[in-house]
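This document opens with one chain alone, in structure tokens, the form predicted on its own.
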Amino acid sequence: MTDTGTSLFATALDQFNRGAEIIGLPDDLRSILSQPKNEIIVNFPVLMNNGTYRVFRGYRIQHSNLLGPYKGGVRFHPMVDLDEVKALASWMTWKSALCDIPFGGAKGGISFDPTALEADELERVVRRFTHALGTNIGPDHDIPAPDLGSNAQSMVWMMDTYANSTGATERQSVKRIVTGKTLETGGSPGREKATGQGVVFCLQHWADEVGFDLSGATVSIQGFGNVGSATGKILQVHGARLVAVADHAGAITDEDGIDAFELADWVREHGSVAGFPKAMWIDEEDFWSVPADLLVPAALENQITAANVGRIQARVVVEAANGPTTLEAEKILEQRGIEVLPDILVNAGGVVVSYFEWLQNRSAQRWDLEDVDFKLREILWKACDQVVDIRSELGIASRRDAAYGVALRRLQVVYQQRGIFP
């Protein structure tokens, strides 16, 4: 369960300040980057199928557009609030800067449970939210994408709503208003698995660096949605063995290995890992105690806490989720000698392939999956190399601090060259 007592934005600020301290980021730039540029909150009514109107609250936080248009997902979840979305928006800024792609950082969300709505109700919510945001989003201004609770269909509804709010001559040129669309409506090959694919590319880089063989490694994954399942399947193809999986419904284990492909099919059909017949059901808290070389939190934030971090038996924590490790838990992991591969690096594959989709839409092209994967690996490999280099240069132990150092240096250079208007 999420540690709701921990402010996610406070965690994000602490991580930012550590990175800023390491590279000597000037105080004025610290002040600018410590808060988002814009915080947009919209309340909008939606007609429900029972004939009543329900008012929804939506957010769009635009953290930075120094390097390019604001970029970030749209989250549908009952726990969405201003604090969470501000943190997620800032992390998007650091991811884009770390990967050296011309995007800034943003995040959006609506506070509701999408699974409790009928399909036509959900469509009306998405379209009304898009309409309410109006000109606060745009294909060269702020570009949404899927996140927890939303999907490719949600993005298609957003695109269509935005397109029908523009002039008739512009409707075909605004497909890049969102990324993560279906292939048929302008999406990119590889976008659905992009975050999971990026996780594995970063793991391969780490494994090469420390002399670890991913083939035969044991893996535990918390969260088996889009990111967790893609990570599990790709690692299985590489010879790793999935020994435990947990999600909102509970946890399962099998030391001989859980077939990630079969489990993904089960979760797609049944909505959770509950009842999967080819693994043993265990208590959710016991998931953290299952021995595994790689622990991959791929669910919500604040999952690894002071309460459960002592039970972890892994060589490395691979943050496929955003902000899964609390500040206190991270210190304990460091004391125990368990490495952490940080979220702003490990799960950046999603925004990188979103950038590829945006480029394809902009130039009316369709790339092959092989091209997408090759370009994704190149960008993430370069980012991993730079994290290794700055660790060596500055004597930084924490990979997270090093990743922030790379990102913030890039932002600092651009601020120095552009200046601050007026």
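Since the model is a prediction, treat every value here as computed from it, not as a measurement. Note that residue numbering begins at 1 and tracks the sequence as displayed.
This protein has a second form, the form predicted in complex with ligand GLU, left out of what is shown; the following refers to that one.
Checking 390 to 398, 366 to 374, 40 to 48, 350 to 358 against ligand GLU in the predicted bound form, the stretch whose residues place heavy atoms within 4.5 Å of it is 350 to 358. Ligand GLU in the predicted bound form is not approached by Lys181, whose heavy atoms all lie more than 4.5 angstroms from it. Contact check for Ala246: no non-hydrogen atom falls within 4.5 Å of ligand GLU in the predicted bound form. Shown alone here, Ala145 lies within 4.5 Å of ligand GLU in the predicted bound form, counting heavy atoms only.
Using a 4.5 angstroms threshold between heavy atoms, Met92 counts as touching ligand GLU in the predicted bound form. Checking Gly196, Pro342, Gly73, Pro324 against ligand GLU in the predicted bound form, a heavy atom within 4.5 Å turns up for just one residue: Gly73.
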